[in-house]
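Single chain ahead, by itself, as structure tokens, in the form predicted on its own.
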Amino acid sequence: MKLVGIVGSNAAFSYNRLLLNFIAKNFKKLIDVEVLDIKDVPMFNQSDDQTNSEVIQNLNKKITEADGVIIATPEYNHSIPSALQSVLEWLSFKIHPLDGKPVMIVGASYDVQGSSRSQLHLRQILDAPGVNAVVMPGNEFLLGEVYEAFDENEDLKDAQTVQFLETCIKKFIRFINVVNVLQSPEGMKDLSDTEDLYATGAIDTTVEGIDMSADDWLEQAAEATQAVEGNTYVKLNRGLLTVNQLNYFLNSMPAELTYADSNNQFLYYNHHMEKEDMLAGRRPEQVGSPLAECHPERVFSGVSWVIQQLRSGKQDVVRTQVPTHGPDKFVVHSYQAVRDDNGNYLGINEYVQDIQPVIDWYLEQTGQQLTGGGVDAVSGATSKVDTVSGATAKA
């Protein structure tokens, strides 16, 4: 399980950084924790928008991609440090990576009570409409008299403290799983075993005798089937194109296209740029692989749910917005059912688009403006507006 640990202090030396590093080192068999510093984050200033800066976009990306977040806060004047407050202001201004994200709060302080009052304040902030994190209740880990808590190896000395911390971490893992179920579409939790994502079966078009996981599956399968290429003509429904023309045509599409068949084997994508330049990265050697090898195991249930919606005919298209590409993009993944003339399910056409340029062009052409959405009037650091809610289904 991938977690992000946020150090709640911008000090050069921080016991809360030591605490997060200890968690990452000592519980790595349970969780994978990446510790993030906030010392380079500028002070929040709504008049000087730094949302697109590298440091804030890095926090946005890391938090969005993580399964959960651990925030370690000290206590200054009965509250959290101004540096941490500033980070939360940036993360609730124009971007909202903590929205719906499971969060666990820990803290270390010189005081005997640990950071109890700052943790209470932090919970209130994280509950604000513009932040809207899902904070794990109870299980307060309060490391008091922290100057005596660590040994020379930066490990916690007290065995009972370590045991209690481990208990909190294990409960947080369960809490994340519960939150994922609550936020999943109805029925998703029951579908993790309904789809053969490893494509162990076969359909009429399956190329037998070739390892699906082979990096050169395409070359082997093309040779085995004597597949045409180059300037050989292909007769289509209403057209006649060469294989080369088909490739050029598909590569020119203003979207990233992917096709997986009804056996859940990944067979095609319109390869015209490198993985790191794509909105949804694909690699040439992935072609031919079962879908299980194209997704992390933690999302298998969601993948199965999407396939089941399309396979069963409950939906012909499922859409979800992926907010990891920065505030200047609105990236939509659309999963379209592919069916034959009789309505039989043949697979999925996934197309990924940044629709923000189309929205901007439309508004410019028509002179219209986007209105509506929910704005947090309590915190001046929130401007969360749902601009295309009708086009998004969170899956």
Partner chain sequence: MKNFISILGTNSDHSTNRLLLQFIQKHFKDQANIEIFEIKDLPAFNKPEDRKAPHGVQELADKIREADGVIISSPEYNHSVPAALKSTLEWLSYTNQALIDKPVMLTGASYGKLGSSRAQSHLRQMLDAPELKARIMPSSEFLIGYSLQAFDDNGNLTDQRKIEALKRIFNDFVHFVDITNQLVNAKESQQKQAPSYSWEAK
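What you see is a predicted model, and the numbers here were worked out from it, not measured in a lab. Residue numbers count along the first chain shown, from 1.
Separately, the form predicted in complex with the partner chain exists; it is not shown, and the next lines address it.
Although the partner is absent here, Tyr76 lies within 4.5 Å of the partner chain in the model of the complex, judged by heavy atoms. Residue contact with the partner chain in the model of the complex: Tyr335 places no heavy atom within 4.5 Å of it. Within 4.5 Å of some heavy atom of the partner chain in the model of the complex lies at least one heavy atom of Met43. The shortest heavy atom separation between Ser92 and the partner chain in the model of the complex is within 4.5 Å. Comment: the partner chain is not present in this chain, but in the model of the complex one of Leu267, Ile210, Ile125, Val162 has a heavy atom within 4.5 Å of it, namely Ile125. Checked against the partner chain in the model of the complex, the residues Val303, Val287, Val131, Ile176 give one hit for a heavy atom within 4.5 Å, which is Val131. Residues placing heavy atoms within 4.5 Å of the partner chain in the model of the complex fall in a single listed stretch, namely 80-88, out of 80-88, 237-245, 288-296, 312-320. Contact check at 4.5 Å (heavy atoms) against the partner chain in the model of the complex: none of Met253, Glu274 and Tyr351 pass.
Contacts of stretch 1-15 with the partner chain in the model of the complex, defined by any heavy atom lying within 4.5 Å, are made by Asn10, Ala11, listed in sequence order.
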